[in-house]
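Here we start with a single chain on its own, the form predicted alone, put down as structure tokens.
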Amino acid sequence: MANKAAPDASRRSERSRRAIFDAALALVGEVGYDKLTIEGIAARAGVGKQTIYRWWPSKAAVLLDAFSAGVEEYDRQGLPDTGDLAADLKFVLRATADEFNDAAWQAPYRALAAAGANDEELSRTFVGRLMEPGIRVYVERLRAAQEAGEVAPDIDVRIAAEMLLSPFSQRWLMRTGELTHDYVDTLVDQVLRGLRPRD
């Protein structure tokens, strides 16, 4: 009688995690954060709610893990460096604008931002796992541009990155205007005008 291979628990766990992530991201878009529940996520994912509670203490923790699953890869890749800082920043921020305008992406990000406003621990985690990696890749690209002479040597590249990203985020979060490619291009051009070396 042939021996049957033992089930691979790690593969089963990974499938369950992926199903839970997919369920959380889909549901928050459908019902909103306030109506999102662990029970609802479990039912959509086809797992018991005890499985979710074994890995996460709250729906916010599930959503944060689901939403930040791809951040490490983004952090490793960094921003493109073609030697043209303006073109590289416009390329990435245009893609980011498209992502921010995607309804499926908006719901979990807005939900986490809103929940973080009332939960200090969640806010710190949100910043540490989602916002800081994003800012860091801009800082690194601006530092490379500074070393290449595209950015003035006395510029604080961390503040320069925030000068690019803060107006972008503010416009989106507060809905003060549309995130268009024209807006992104103008933002990049105006910020870089203040960062260029002076003759």
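Note that the structure is a prediction, hence the values are computed from the model and not measured. Residue positions are given as counts along the sequence shown, with the first one as 1.
Keep in mind that the form predicted together with another copy of the chain is missing from the display, and what follows is about it.
- For the chain shown alone, Gly134 is not a contact residue for another copy of the chain in the model of the complex, no non-hydrogen atom being within 4.5 angstroms.
- Within this chain, Glu140 is remote from the site of another copy of the chain in the model of the complex, having no heavy atom within 4.5 Å.
- Interface membership of Ser123, defined by any non-hydrogen atom within 4.5 Å of another copy of the chain in the model of the complex, is confirmed.
- Another copy of the chain is not drawn, but in the model of the complex it has a heavy atom within 4.5 Å of Arg171.
- With the partner omitted from this view, the residue of Ile155, Ala43, Leu130, Ala26 that lies near another copy of the chain in the model of the complex is Ile155 [heavy atom within 4.5 Å].
- Within 4.5 angstroms of another copy of the chain in the model of the complex, the stretch 170 to 192 places a non-hydrogen atom from each of Gln170, Arg171, Leu173, Met174, Arg175, Thr176, Tyr183, Thr186, Leu187, Gln190, Val191, taken in sequence order.
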